[in-house]
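Next comes just one chain, in C-alpha cells: the form predicted on its own.
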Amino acid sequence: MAYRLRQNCRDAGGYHGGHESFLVDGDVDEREPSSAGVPSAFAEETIPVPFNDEDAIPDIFERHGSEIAAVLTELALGNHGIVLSVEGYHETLRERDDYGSLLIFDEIITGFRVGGLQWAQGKYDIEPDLTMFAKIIGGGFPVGAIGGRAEVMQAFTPTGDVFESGTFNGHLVTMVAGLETLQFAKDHDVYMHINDLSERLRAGLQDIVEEHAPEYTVAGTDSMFKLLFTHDEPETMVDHCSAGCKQRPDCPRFELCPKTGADVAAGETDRWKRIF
C-alpha cells in the first residue's frame, strides 16, 4: 500500500484542497473520511499527522517505512491558523529521504506571501521534491501549478506515465498575467514593501492586545498575519516575540501559542467571528 502523510483538516488544521485523498480525519491507527461521499478506501491510504509534532513522524515511518509514497505539508498553516512551524519540524520531514518518500510542500498560501520570490521553502532553507502553487502566480486569474526536481517532474505526461492534463493547462492569458505580475513584483521590490507593512501592522496589533487583551495571540510572518483569540495570557510580557508569535522556545508565550489547527479552533472562535 502506498500511504500519503498529511496534516488532517479538523485535528491538525492542514488543508490541501477538496480532494478525496485529502478529506481524511483521524490518526495512524484510526481514520475516516471527513466529508460525506468520500469512499473509506481513500482514508485507508492517507495517514493524518499532527502539525508540529516531530515525534510522531519517526514513529509512523518506523511502522510503515517504504510504504509511504509521499509526505504533504504546509510550511505554515494558512487555512486554519496562522500557525508557524516550530524549529526542526520540517527538517524532520526532510530527513525521511532514506525511505524513498517524496516530500511535497503545499505553498498555495505561503508561496510568494512568505519568502517573496524564493517562497517559504527558500526563507526556511528546506528543499522539497515537489511544490504546489496557485492563486498568486496567476496575476488575479484562476491558476494552479506544480514544480520540482527534474527527475520527479519527468514522471508526468507527456514524458512519463503519470497522467496530468487539463482544459486550461498553460492558458495563455493566465500565463502572461502571472508572468507580468511576478516581473513587476521583482522589479519594484513589492514583497519587501508588503512585508514591511505587515510587520508594522503585527507590531501595532501586538501593542494593542498586550494592553487590552493579553490572552490573545498575534501570529504571522512576512505578509501573512492574524489575531488569534486564544484563552490564556502569559505570566509576563517581557521578551516576547516581536510583531507576533515566531514559535521561539524561550518566549514566555511559547507554550500558549497554537501549534496545530485544533489549538486555534479551541480558542474563542465565536468571539473572533462576532468582533472581526
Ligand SMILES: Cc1ncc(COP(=O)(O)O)c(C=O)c1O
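Position 1 is the first residue in the sequence shown; the rest follow in order. None of these values were measured; they are calculated from a predicted model.
Note that the form predicted together with this ligand isn't included here; everything after this is about it.
- Heavy atoms within 4.5 Å of this ligand in the model of the complex map, among the stretches 91-99, 72-80, 197-205, 169-177, onto 72-80 alone.
- Though the partner is left out of this view, His193 does not reach within 4.5 Å of this ligand in the model of the complex, counting heavy atoms only.
- Within 4.5 Å of any heavy atom of this ligand in the model of the complex lies no heavy atom of Pro252.
- In the model of the complex, no heavy atom of Arg149 sits within 4.5 Å of this ligand.
- Heavy atoms of Ile104 never reach within 4.5 Å of this ligand in the model of the complex, leaving it off the interface.
- For the options Ala145, Ile108, Val86, Leu130, the one in contact with this ligand in the model of the complex, meaning a heavy atom within 4.5 Å, is Ile108.
- Contact annotation for 125-142: a single residue, Lys135, has a non-hydrogen atom within 4.5 angstroms of this ligand in the model of the complex.
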